[in-house]
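The form predicted alone is given below as one chain in C-alpha cells.
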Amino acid sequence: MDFIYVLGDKLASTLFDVVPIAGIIFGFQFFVIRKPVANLKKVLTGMLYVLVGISFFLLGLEQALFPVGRMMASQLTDPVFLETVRITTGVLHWQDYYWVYVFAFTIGASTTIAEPSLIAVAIKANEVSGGAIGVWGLRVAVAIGVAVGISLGAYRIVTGVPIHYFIIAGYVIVVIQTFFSPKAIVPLAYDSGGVTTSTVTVPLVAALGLGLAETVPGRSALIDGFGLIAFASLFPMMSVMAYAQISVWLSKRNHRRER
C-alpha cells in the first residue's frame, strides 16, 4: 500500500509538471499555427507513457540511485575500510582514497555509455555526417571525458582544493582546443558536454559528491558536495575534441605512408 501511495503521489506531481508543457504545445498548435494535431491519438498515448515513465523514474531515483551513490561514498571513505587499504601512515592523505577515484571513474564511464540522450545525439551525428562520426567512437570519447572529470572532481572533494581552479583551467584548455580542432566537431563537442548531465548520470554523480562531502573529514556538503556535475559537463568537451584531433592526425599519417 505504501508503494501505491508513493507512486500515486509521483504521478500527481509529474502531471502537475507536464500539464503546462502540454498546454503550451497545444496552445501554439491551435491558436498560433491554427492546425489540428496530426496523429492526436498517438500523441496523447505517448504523453501518457511519458507521464508514467517519469513517475517510475523519479521513484527509482529516490529509492535506488540516490541511496546507492551515498552508500558507496560512505563505504569507500569509512575509516575501517581505509585502514585496510592505507598507503601512507598516520594521518589520511589523498592517495589513501584511491578506491574512491577508481569508483568515480568507472561509474562515470558506465553511466555515460548508458545515457539515453547521448545515444540519441550519437545516432543523429552519425546520420548527418554520413558515417564519418562513429556512434560508438563518440560515446566512448564522451564516456572517457566524464570518467576523468568525475574522478578529478572526487579528488577535489578529498583534497578540498577550490573548484574554480579546475573549472578555469579546464575552460582555458577548451578554448585552446577550439582553435585547433576540426570546425565540424566543435559544436558537437560542446553539445556532448550538455547531454551527459541527464537522466542516468546526474543522480548518481550528485549522490556521490554529497556522500563524499559528508564523510570526508573537514568537508562541507554545501560547499564541497556540489560541483561534480560541472566536471561531467566540462571534460567531455575536451575528450571529444581530442578524439577528433587524434582522428585527423592518424588520417594524415596514414595518407603520408600511402604516398
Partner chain sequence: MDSVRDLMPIMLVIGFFQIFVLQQPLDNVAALLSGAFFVILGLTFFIYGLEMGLFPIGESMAHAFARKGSVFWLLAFSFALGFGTTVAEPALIAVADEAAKVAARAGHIDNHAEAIDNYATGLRFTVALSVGVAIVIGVLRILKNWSIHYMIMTGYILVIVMTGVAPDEIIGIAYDSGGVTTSTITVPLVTALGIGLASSISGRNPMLDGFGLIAFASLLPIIFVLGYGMII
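Numbering follows the first chain given and starts at 1. Computed from a prediction, not measured in an experiment: that's the story for all the values here.
This protein has a second form, the form predicted together with the partner chain, left out of what is shown; the following refers to that one.
Q: Taking 4.5 angstroms as the cut-off for heavy atoms, does Glu214 touch the partner chain in the predicted complex?
A: Taking the distances in the predicted complex, the answer for Glu214 is no, it never comes within 4.5 Å of the partner chain.
Q: Within 4.5 Å, heavy atoms only: does Ser129 come near the partner chain in the predicted complex?
A: Contact check for Ser129: yes, within 4.5 Å of the partner chain in the predicted complex.
Q: Using a 4.5 Å heavy atom cut-off, state whether Gln95 contacts the partner chain in the predicted complex.
A: Result no; Gln95 lies far from the partner chain in the predicted complex.
Q: Indicate whether Phe3 is a 4.5 Å heavy atom neighbour of the partner chain in the predicted complex.
A: Yes.
Q: What are the residues of 154 to 178, in order along the chain, with a heavy atom within 4.5 Å of the partner chain in the predicted complex?
A: Contacting residues: Ile163, His164, Ile167, Ile168, Tyr171, Val174, Val175, Thr178.
Q: Where do Ser117 and Ser13 end up in the predicted complex, Cα atoms closer or farther than shown, with a change of 3 Å or more?
A: The answer is closer, because the C-alphas of Ser117 and Ser13 approach each other in the predicted complex by 3 Å or more.
Q: Can you confirm the direction of the Cα distance change for Val50 and Pro116 in the predicted complex, closer or farther than in this form, given it is 3 Å or more?
A: Distance between the C-alphas of Val50 and Pro116: shorter in the predicted complex, by 3 Å or more.
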